[in-house]
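First, one chain by itself: the form predicted on its own, in structure tokens.
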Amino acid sequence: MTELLDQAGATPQTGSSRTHQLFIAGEWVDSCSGETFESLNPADRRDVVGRFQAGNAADVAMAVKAAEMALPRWKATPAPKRGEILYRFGQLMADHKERLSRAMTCEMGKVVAEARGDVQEGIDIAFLMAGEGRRMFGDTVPSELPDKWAMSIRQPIGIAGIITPWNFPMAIPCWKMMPALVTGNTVVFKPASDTPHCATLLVELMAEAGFPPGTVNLVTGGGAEVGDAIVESPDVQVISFTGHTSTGKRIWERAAKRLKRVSLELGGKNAVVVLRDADLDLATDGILWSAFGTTGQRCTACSRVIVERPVVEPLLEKLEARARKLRLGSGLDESTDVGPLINPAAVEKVGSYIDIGRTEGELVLGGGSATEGDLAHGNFFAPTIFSGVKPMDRIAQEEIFGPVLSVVPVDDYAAAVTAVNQVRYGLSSSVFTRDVNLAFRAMRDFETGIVYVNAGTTGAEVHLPFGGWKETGNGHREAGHAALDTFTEWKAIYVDFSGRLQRAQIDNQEPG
């Protein structure tokens, strides 16, 4: 493992060609098809991060069988002992944090400081869920009958299908796998095809931490070949998916035929509200980080600034001046502010929204791919700002998933609330104000699963539930103790020690 991580943390060499394998039943194996695909560095497409197995339905079937065989033993392992293995995994991630972070930057593109944060979230959730192994509480309540004990406990569902995106290639798999595993489920894990190397490194560490063979299985490959097979498998009882809304809806429809538990974390169209009394320098800091961090490729990224008219111009001046200074480049360079988009298709998609934006607002800054010098070999797009955007314009309604910010002027707080809520998503929102009364109203009024006051829209902490309203998901939450709900069934238990038959839900009241 150390050798693999040493290679992962090294400066990438153009044309590297290591071929990685699937992980099934505790063994690294080739796919049944024998086919592979390449993962490329988005900052320099000439650099091949590695080659990975193009898994298919047969590989998924073997992974599911391995998970099925491992399930009885893993369920029978006391939860505190399962937690100890999670703890070892978290510590291994901490020990190799810098190498994991640099490997992530090479494959996903985010600047290395952000990659360190991604890895740290994985560490944090591993430690948090390790602790849940010792406290995975239910309820103990008084019975309505004498000499009777009443309580509830959590039990695992079975095999969990984990399907993850590329934008947080270590944090999100950990968000999903840690609660699944500590509660006694086994896992079949399909990462995004843009970031299979990050997934491979995670699973290497999980094996080293001591997860028994078959408890964690990794199948890389395309969504149609691997993802669909996981969703369709009759032996996979719970699916956890993060990705595009349309894909999530299809997964839910197909899984519903088998009444599977499904947790969906989907899109966002997040707004920062700047009221007329706000600290504009602080607001500028929060907006720039939320809009252009991770090159806008976060489900919590700020893509709308809803601002009261008296402060539109001074805020816009500050945003433009600061955004012009942002430096694009390889995320391995510590001086880089904005890394690449994930792939050429993302560049094309963001470019198409620029064309739409030119017809809806005024282009203040950016508006095109960046191809100067070494940037020509990567998937770079200039930070972009539109002003004069109306709340119902397409660039203010549709998820772009790139470094594009729309400034939406409104008359007052009430209009700001309407603009925040008048979208089909409801993940994250923010308000900048010095008025404590308005801050508390915003906490109440914004229809989002996360609300920030005097901060940007990004930066969730793992001990609170993460997720959103409306088309952002289907009601489940990741992180916090609420994450256990996705992967457990509740069982109510009654123990009657009266020595006689007592009939609950029969009228036992004495006549008045």
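For every residue, the number given is its place in the sequence shown, counted from 1. Since this is a predicted model, take the numbers as computed values, not measurements.
Keep in mind that the form predicted in complex with a small molecule is not shown, yet the notes after this line are about it.
The closest non-hydrogen atom of residue 105 lies beyond 4.5 Å of the small molecule in the predicted complex. Although the partner is absent here, residue 302 sits far enough away that none of its heavy atoms falls within 4.5 Å of the small molecule in the predicted complex. Residue contact check for residue 418: none of its heavy atoms lie within 4.5 Å of the small molecule in the predicted complex. Within this chain, residue 293 is remote from the site of the small molecule in the predicted complex, having no heavy atom within 4.5 Å. When you look in the predicted complex, the only residue of 263, 330, 164, 215 with a non-hydrogen atom within 4.5 Å of the small molecule is 164. Taking a 4.5 Å heavy atom cutoff to the small molecule in the predicted complex, the contact residue among 191, 286, 122, 378 is 191. Look at 198-206, 219-227, 437-445, 319-327: in the predicted complex, residues with non-hydrogen atoms within 4.5 angstroms of the small molecule sit in 219-227.
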